[in-house]
Ligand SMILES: Cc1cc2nc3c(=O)[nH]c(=O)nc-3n(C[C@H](O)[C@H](O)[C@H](O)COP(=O)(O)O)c2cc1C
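Presented below, as structure tokens, is a lone chain in the form predicted alone.
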Amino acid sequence: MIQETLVTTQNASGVAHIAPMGIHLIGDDVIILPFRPSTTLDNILATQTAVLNHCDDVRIFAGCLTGRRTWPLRTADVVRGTVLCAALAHTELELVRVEEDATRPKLFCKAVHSANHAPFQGFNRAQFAVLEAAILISRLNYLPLAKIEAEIDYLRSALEKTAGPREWEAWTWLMAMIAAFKAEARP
């Protein structure tokens, strides 16, 4: 199973990094597959830790993709790392082993601490639409633009029917990123 989470890491100097990422859950293993090169990969290898933040504020997912990476953090409870203050729950991880790969190594981690901070109220369709749009936009350099735009058009319907202010703000950031990408592509 793949879960969309926000992974927080920090480098050896303690500088925090937030990255939206689909992590893999297989039995008790938590597998993080960051691409090379990436800050997330470098930080996990340096500190041997990471934190999964389970969050329903889709602005953080969209914000990280659009250059808005400053979100309130607090110190993790057990591992060397940080937790998003907006997290409904978090899981602190320690790196167990690495399966090397030239493009996307597999980082096998074990949970050493979990905590719940607030009740999960459920997702509305607009939150799903923003998450899916963010995933599509993270692939602007890999997928045909026409495919991305067609899927964005489909997702827009759910947004228009169920979005609140947070979802609209996140959507606006993502659409601005597509517009910038298209402007750069013009000859």
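Keep in mind that what you see is a predicted model, and the values were worked out from it rather than measured. Don't overthink the numbering: it's just position in the shown sequence, from 1.
Form predicted together with the ligand: not shown, discussed below.
Quiz item: Which one of these stretches, 117 to 125, 48 to 56, 155 to 163, 31 to 39, sits within 4.5 Å of the ligand in the predicted bound form when only heavy atoms are counted?
Solution: Heavy-atom contact with the partner occurs in 31 to 39.
Self-check item: Contact check for A19, G22 and L131 against the ligand in the predicted bound form, heavy atom at 4.5 Å
Solution: So, yes: the whole triplet contacts the ligand.
Quiz item: Can any non-hydrogen atom of R68 be found within 4.5 angstroms of the ligand in the predicted bound form?
Solution: Contact check for R68: no, nothing within 4.5 Å of the ligand in the predicted bound form.
Quiz item: Within a 4.5 Å heavy atom cut-off, is A150 in contact with the ligand in the predicted bound form?
Solution: Judged by the heavy-atom cut-off of 4.5 Å, A150 is well away from the ligand in the predicted bound form.
Quiz item: So, in the predicted bound form, is I135 in contact with the ligand at a 4.5 angstroms heavy atom limit?
Solution: It does: once the ligand is placed as it appears in the predicted bound form, I135 has a heavy atom within 4.5 Å of it.
Exercise. May I ask you to state whether R104 is within 4.5 Å of the ligand in the predicted bound form, using heavy atom distances?
Key: Close contact exists here: in the predicted bound form, R104 approaches the ligand to within 4.5 Å, heavy atoms only.
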